[in-house]
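In structure tokens, the next block holds one chain alone, the form predicted on its own.
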């Protein structure tokens, strides 16, 4: 049985992971939170104690400072803390260094987003093939459990695809993953997670359509969909992490991702992009210093963790899946509704961080129990779905399913480029 968790990253998702690990520390053991800024870790610990979320007070909850790009330092930290499970919720630039440290120490590795090279944006698909999957053989040879993309999307939505394949369909035609935030944070403009990572997603749209990768313009294809609870919302075809493993591991003709954006968000984003503030390419300012405009923008925008107090409304994330069962056409919508105010009441968090932070803790519990300790690198859809979905139900992320939901019918997608 695995025990002792090292959480790397002290942002909004790390905040949720720490709370939920503390609430299950009778299973997970000691918990260390590590970041370049140790004060952020200590602030999270104060929140856990303030909400009385440390289940077993005999177990340690403490912090350390670490540069997650420094592999020897990570190796030393894993050994010092005797951590057998590492949950990486830092920026995706650090994924490969954290994974390497886990391979070297034998610790379980988990992350919630695909690895990115800071100098490369929206590389050609499949993205996992560029970095993570190149280490599959080493993980298997060393008996390392590495679970990739175990947030919500990617993560829970991947598991829903496996659940659909196992329990609801004989054949799957299309999977459309829909993510909408119908909440309000009261700020003029903000992103719900790291602005730099958020805006890097909006450079190109790679989508898996008719069994091939297709390229589309950002925010160019819109569908208005009548969601449960939150009502009719606009969603736009967007590239996203989970497509890059689902296209390989789930036998479906199309797997697409759609994200909700309001007119105000798109207008502000358009202006920022048109004047160059979302660019990752450094520019030289008057005193000769070079800086990437997106770094300046990140510094100016609200910290996503600061949005939680007073956030109202709900999120809805779901998979609209079409296929056949017993030679009959079938469609289902598998989804979750999450309430911003309820998340704040429980964990002093907002719903975007909550939905991303609860799943890795559920996965850690399954690993600790041995159910998911598979001794190899996997994406979430390759693991048994039912125990994960059932555990999430108990931990605050309820899965609901509608048979024959309101139809989701996107327009014909024609590729600007294919690979």
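Residue numbers count along the first chain shown, from 1. Treat the numbers as computed from the prediction; the structure is a model and nothing was measured.
Form predicted together with a further copy of the same chain: not shown, discussed below.
Asks: Choose one stretch from 185-193, 308-316, 101-109, 207-215: the one whose residues place a heavy atom within 4.5 angstroms of a further copy of the same chain in the model of the complex.
Replies: One stretch meets the cut-off, namely 185-193.
Asks: With the cut-off set at 4.5 Å between non-hydrogen atoms, does residue 270 touch a further copy of the same chain in the model of the complex?
Replies: Residue-level check for residue 270: yes, a contact with a further copy of the same chain.
Asks: Using the partner position in the model of the complex, report whether residue 341 sits within 4.5 Å of a further copy of the same chain, counting heavy atoms only.
Replies: Residue 341 lies outside the contact set for a further copy of the same chain.
Asks: Could you confirm whether residue 230 comes within 4.5 Å of a further copy of the same chain in the model of the complex, counting heavy atoms only?
Replies: Outside the cut-off, so no.
Asks: Does a further copy of the same chain get within 4.5 angstroms of any non-hydrogen atom of residue 328 in the model of the complex?
Replies: Contact with a further copy of the same chain, no.
Asks: Find the only residue in 118, 129, 293, 234 having a heavy atom within 4.5 Å of a further copy of the same chain in the model of the complex.
Replies: In short, 293.
Asks: Among the candidate residues 197, 223, 283, 75, which is the single one with a non-hydrogen atom no more than 4.5 Å from a further copy of the same chain in the model of the complex?
Replies: By the 4.5 Å criterion, the partner-contacting residue is 283.
Asks: Using a 4.5 Å heavy atom cutoff, which residues in 296-319 contact a further copy of the same chain in the model of the complex? It's fine if the answer is none.
Replies: 296, 297, 299, 300, 301 sit within 4.5 Å of the partner.
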